[in-house]
Each structure stands twice: as structure tokens, then as C-alpha cells.
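Here you get one chain, nothing else, as C-alpha cells; it is the form predicted alone.
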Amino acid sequence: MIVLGIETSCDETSVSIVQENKDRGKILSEKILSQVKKHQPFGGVVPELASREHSDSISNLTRQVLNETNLNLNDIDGFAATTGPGLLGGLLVGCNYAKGLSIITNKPFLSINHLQGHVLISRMNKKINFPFLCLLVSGGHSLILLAENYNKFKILGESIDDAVGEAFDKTSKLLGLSYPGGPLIEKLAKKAQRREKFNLPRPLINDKTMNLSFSGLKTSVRRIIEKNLSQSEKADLADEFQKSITECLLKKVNLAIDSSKHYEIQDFVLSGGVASNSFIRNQFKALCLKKNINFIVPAKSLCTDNATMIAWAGIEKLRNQKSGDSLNIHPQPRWSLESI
């Protein structure tokens, strides 16, 4: 089975062709065009600009992946596209393009939830049985969930305000750094001398639910920065900020593991753009070792937004339901995993 995936939910235009081979996936070709430099002057993603960039580049990227694989459109078994959640303008570009390819080839169109792609990509190169636990942390989403099947997910906890990646981006801006903020804060934190202790809050850490909160943490950082910190103090602050977020995530995931014992969970997956953070990865690896469950995290290139995860989710969907989705499906900027 060969599926072409399209991802245009935010500020990356990506097209990928993935082939199924003995229940695993092989990337035949993938192209990602990042818009980071286009949005950097604004400190975040501008929806109208993102949509225009997707529209300008998607045909060219599709031609590139087809040329690299020596495939033509009729060799593709299905066309998968992110249909939500995300920015409506971008979703429309990718979704409509995939529908067009589906129509002219008479092959299935596959509507994929962006978060579903982040969760399932862990299964592309490794045998992971359902159910499994997943912490999905990205620029727009922070979820602790139970993956019961390829299209059945139970949300155990989520951020009630800022997503983790959003908190990193906003704190980066406060520290005078650029966008995206996650990699820059991680880099700055490595320079910390830990001479200063700022006593940053750990919001909801003692709350008995698995929900998360990060807006208060960001506010505390802003008040501290107003004191005109030195560069070494900023490094110490970045280090403490990163540790504060990680402690909150660890505490809630620990609760999730304990509360899911009756499912006999064997695997924990860390996914999403923030999963690229090496410090956070190492902390969760240690937690899983302590809890005696397998720790799985996708390659860093598959943690950030990419079309490979959409193509793979399309493969999982196609081999289970044997047919495509209706062409009448419209993009959903807000699309909960639980309502797939």
C-alpha cells in the first residue's frame, strides 16, 4: 500500500509518500518547506501569510516527491490530508488539493486528524500494541491520552490554557529570543550556572486531575524579566522554566500511568514538536524505566509537523476501514481526538 500525505495545518507545507511493508512504514520521499523565516518578524504564525505560502508551494512539492520515487499519481493507493485541527486557510489548501488528486485518479481521499498523526507515527517503525499512553505536546496542543485504537482516543488530561509549545514561544519572546522558542530556550538553559533560584510556580502540580496549566508560569517569568536580568541570569531562568514545565508534565503522566493499570499498559509514547527537547526526553525515559514500561519517542524529524505522519495515519485508516472518506468532509479548525 502506498499513500501520499499532505500537511498544511500551520506553518509547514509538507508532502510525503509512505509505503506499507509488513505492518511498518517506509518513507519513499518527503519534502517539508518551513515558513519559519517568513513569520519570524511577527513573533508567531500569521494565518493569511501561511495560507498563501501553502498555496504557492504545494504543487511543486508534490511533483518533487513523485519525481524522486519515479511514481505517477495512479501508483498511489490513497491521498491523505490533515483536515484539522489547525488554521482554516492552510487546512483548506491541503484538504482540497488531496481531494482533487483523489477525484482525478479515482483513489480514496483520507481525512486525517493532525493529532491522530502525531500519536500514530510512533507505530510506523516499531510494534506498539493498543492500548498505549501518549503525551502529545506541541505548539498548539498539550494532551495526555489513551490510544485505544487507530481512531479511538480517550483524553485523560489537557492544558486548560496555554499549550506547552506556546508557553515556550511566549517565554522565548520575553527573554529576547526569536521564534520558534523551544529550541532556543533549551539551548540557553544549557548555559545555566544555577546561581539564581527564581521559585517559579508549578501550576496544578498538586491537583488530583491530569489537567495542565502554563499561563501562570509565563506570567511569573514576565515579572522576573522586568527586573532587567543579566545574560547569565536569563540562562538560569530558562533552565528553571524548562524544569518547571517538565516537572508538571512528569507528575501528570505519572498519575496517568497509575490510573491506567487495569489496561495493562506496556508502552508510553512522547510525541509532538516539544518531544524534540532532549531534556524532556531524558526525564521521561527515566520515568518509564522506573515504572517498568517501554518508552517510545519518534525521531526528532517526525516530532515536528510533517506529512509522513499524515500518510502513515492514512495507511492505518485505509487498512482498517478498506475505503476512503467522503469528499463532502470539510476542514475543522477545532477537531477533538475524541470525536474522530
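All residue numbers refer to positions in the sequence shown, first residue = 1. Being a predicted model, the structure only gives us computed values, none of them experimental.
Below: the form predicted together with a small molecule, not depicted.
- Remark: residue 114 counts among the residues lining the small molecule in the model of the complex, judged by a heavy atom distance of 4.5 Å or less.
- Mapping the unseen interface onto this chain, residue 77 falls outside it, with no heavy atom inside 4.5 Å of the small molecule in the model of the complex.
- Within this chain, residue 314 is remote from the site of the small molecule in the model of the complex, having no heavy atom within 4.5 Å.
- Taking the partner from the other structure, the small molecule in the model of the complex has no heavy atom within 4.5 Å of any heavy atom of residue 201.
- Heavy atoms within 4.5 Å of the small molecule in the model of the complex belong, among the stretches 57-65, 296-304, 33-41, 282-290, to residues of 296-304.
- Interface residue among 158, 207, 186, 240, judged by heavy atoms within 4.5 Å of the small molecule in the model of the complex: 186.
- For the residues 122, 83, 138, 102, the 4.5 Å heavy atom test against the small molecule in the model of the complex is passed only by 138.
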